[in-house]
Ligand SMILES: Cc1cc2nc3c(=O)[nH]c(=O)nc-3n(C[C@H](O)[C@H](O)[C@H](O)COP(=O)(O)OP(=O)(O)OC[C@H]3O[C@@H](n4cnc5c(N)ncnc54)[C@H](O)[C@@H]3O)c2cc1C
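As a starting point, one isolated chain is supplied in structure tokens, in the form predicted on its own.
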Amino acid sequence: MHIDARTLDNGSLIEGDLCIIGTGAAGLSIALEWVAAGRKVILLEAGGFDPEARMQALYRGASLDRPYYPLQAARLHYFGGTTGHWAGYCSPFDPIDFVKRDWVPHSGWPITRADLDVYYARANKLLELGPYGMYNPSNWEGLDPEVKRLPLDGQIFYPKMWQFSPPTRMGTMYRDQVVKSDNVHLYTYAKVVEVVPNRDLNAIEGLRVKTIDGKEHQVRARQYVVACGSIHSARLLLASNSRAPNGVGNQNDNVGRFFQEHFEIMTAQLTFEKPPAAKMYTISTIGEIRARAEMALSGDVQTKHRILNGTASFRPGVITGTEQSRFATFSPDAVANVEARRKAAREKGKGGAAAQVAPAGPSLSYVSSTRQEQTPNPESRIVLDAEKDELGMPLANLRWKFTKLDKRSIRVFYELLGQELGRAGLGRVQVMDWLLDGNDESWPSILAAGWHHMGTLRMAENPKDGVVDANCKVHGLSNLYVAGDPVFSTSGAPNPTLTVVAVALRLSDHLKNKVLV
């Protein structure tokens, strides 16, 4: 069922059993689990069914410490959320991503990779991916004799597999299921501007919702799920301060902290002695499955060298010196025609890796780029601005902070890759100048990131260490949950969407089996 909140009488009361705030990958994944579940579900979307400049402007903000994408364009604010322009990269986090690593401050989840395996398999289906077993590189190799891993020491480097969603535009793919549902009530143009706790600050009493045309409504439910992404979930809780002066769930000053992104950056030139068997490391299609591998270090090697998790991709070409960061090529109005922008960027060589020149025929020269997790850092955070948006809600600003471990991990990764390529007689690695000096903590202008916002309402057993518990419930509040990338304790190396959906499905099961029974 669909209702445009602008058509309701001003001051309307909306009531239900479960209220989900946000219709991106996390919110929709939960809502779909509740179709025909016998409970009244309220699904709130701030925008409509298509991108609109006025709605995007509600989410503007500034990156205060270093260049970043325009915040109003880094997420899509309409039904389906940022799945409206994601690229479809999917891979599960590794077991080491969930454990406490004594060299990685604030690492460790209160759940394990094994706790998510069944949900990863379910998420694969929702995102139109192949079998979950196809993340095992041996299974991919078994489908095609030309797909083979580089002959490196498997105890050091291994092929980390990605599968590619079509990509699934969840707002298009699943719109009819939601709109035609009798028990899921979708309200568009219903922007939540405050989460209101009771006077004892131990439960949520209701929500304040505003529409872009000035109406205000109230929402009441038994249970609430915030699924607005890492920036705007944190913004919402921080701004909900009429009764909780520091913001809802922020009794330990953790809301908005530990913002993490994936470093994505051109890093090295690889030169092989003879053309490598590279099909495994390029996007290939076998049957209906699209996949590729990236080079990754084993957990044991990460532990030995005390570095972060990361992967390296490579493609034919040479570094030209004309490379640009995507931060410099992404404009605030890019949302209006994002697919055309992506196509134009690829044609100009300014997409994920800029200005590469690919030789004709079998190649000996490859450009390698890094995707790496960021150290969880409490000083990397979302903060509120004094300026407010059109609906009177404080804007959110980003303070993106790095640590020494972030850059050192990339350097060590390529030192080990160079050693291993040399030992195997395969070729050599020439790192870019920005990695040569081990004492240089600066970052080059070509640094970019994956549009992957994580960690601002992180999961932790102890309320002093995070915002939500192992079941994604906000500490100290009996009926408020968070879904999606805000709960990530660490960011891993893979793109987050598959894990976003897996964690959301796990939360949905918890609500069905333990809460709304």
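Residue positions are given as counts along the sequence shown, with the first one as 1. Just so it is clear, the structure is predicted and the values come from calculations on it, not from any experiment.
Omitted from view is the form predicted in complex with the ligand, to which the following refers.
Relative to the ligand in the predicted complex, residues Asp97, Ala296 and Phe402 are all farther than 4.5 Å at every heavy atom. In summary, among the residues Ile265, Val104, Ile204, Leu76, the only one with a non-hydrogen atom within 4.5 Å of the ligand in the predicted complex is Leu76. Using a 4.5 Å cutoff between non-hydrogen atoms, Gly88 counts as a contact of the ligand in the predicted complex. The closest non-hydrogen atom of Tyr59 lies within 4.5 Å of the ligand in the predicted complex. In the predicted complex, the ligand lies within 4.5 Å of some heavy atom of Gly81. The ligand is not drawn, but in the predicted complex it has a heavy atom within 4.5 Å of Ala190. Contact annotation: the ligand lies within 4.5 Å of heavy atoms from the stretch 44 to 52 in the predicted complex, the single such stretch among 470 to 478, 30 to 38, 44 to 52, 455 to 463. Residues of 4 to 28 placing a heavy atom within 4.5 Å of the ligand in the predicted complex, in sequence order: Ile21, Gly22, Thr23, Gly24, Ala25, Ala26, Gly27.
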